[in-house]
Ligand code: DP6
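We begin with a single chain expressed as structure tokens, specifically the form predicted alone.
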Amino acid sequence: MNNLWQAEAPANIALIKYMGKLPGNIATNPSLSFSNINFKTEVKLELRCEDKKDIWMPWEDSGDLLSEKESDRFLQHLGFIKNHYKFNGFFIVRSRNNFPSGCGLASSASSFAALTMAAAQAISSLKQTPPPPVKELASLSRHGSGSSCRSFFMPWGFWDGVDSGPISFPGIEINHFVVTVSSSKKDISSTEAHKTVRTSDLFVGRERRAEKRLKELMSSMSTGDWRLCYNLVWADFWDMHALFETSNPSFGYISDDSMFVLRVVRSYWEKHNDGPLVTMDAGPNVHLLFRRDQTLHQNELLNFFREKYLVLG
């Protein structure tokens, strides 16, 4: 009998953000993301027969280590999935990312998606039941990390706050890069940010603003209005960071280096009337999304940034 199961899931970057959530990791506004398999988490489960508990261990030959708090959260989600499927066995859990921590990619999304996939594979195999549908797995994964539900759908994932699924923009293929201006661990976690932004006066109306931008972005992606896409994505990440800066207490992630990258890209757009989509998560690093027919713009900008920063992609 097989006693080893493995799954992988991509990180995703939201172009329209969700910020603020309800119990059960239900988002207060819908969001749209791009998933990139070049940035992924792998999870391996091994059936554990001797001790009556799950344990997390580092992947062999991997430098990826979880803190006690992080591993506890990971194992709690595994327990949630086992309870959902009424499974009483135990596992050794190993995980690794193919991207460095602190690079600006939210590894919780890819990690919890991969864990959910691996656990479902293992339990289905051991109980000899059909594998659950993808949308069911995405819904379960959301309880561990809200944004992980979007990592089940490639390249584009939509999450309306509860349900998630794929969405298609025919003719648009994307190259995604991260300009890593800092690899330091952030002082305020995304979980804390979700709680604190509710104290901002700007939080009132955030749901309406995000919904409006999302509708306009999906329309402009469908019609190929790339300039409007850039404007909408730019506005939405600034909207989110404005919530951080106007919360009580206020906090922020944008550094001088972040601003340098943002100003360079904005100047490039002003000069060429073309360029990448630009966004930032709850951190200082900058995500650039180029259409695949933008080779000249992509090479010019990335070569410039590589002189000063680590560029992943």
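Bear in mind that the values here come from a model prediction, so they are computed numbers and not experimental data. Just count from 1 along the sequence shown to find any residue number.
Not pictured, yet referred to below: the form predicted together with the ligand.
The ligand in the predicted bound form is not approached by residue 157, whose heavy atoms all lie more than 4.5 angstroms from it. Using a 4.5 angstroms threshold between heavy atoms, residue 18 counts as touching the ligand in the predicted bound form. When the ligand is considered in the predicted bound form, residue 301 lies well away from it, no heavy atom lying within 4.5 Å. Contact check for residue 190: a non-hydrogen atom falls within 4.5 Å of the ligand in the predicted bound form. Taking 45, 282, 261, 278 one by one, only a single residue has any non-hydrogen atom within 4.5 Å of the ligand in the predicted bound form, and it is 282. Proximity to the ligand in the predicted bound form, taken as a non-hydrogen atom within 4.5 angstroms, holds for one residue of 94, 194, 82, 135, which is 194. Here the chain stands alone, but in the predicted bound form its contact with the ligand, taken as any heavy atom within 4.5 Å, falls in 140-148 among 167-175, 223-231, 140-148, 196-204. Remark: all three candidate residues (14, 108 and 240) come within 4.5 Å of the ligand in the predicted bound form, counting heavy atoms only.
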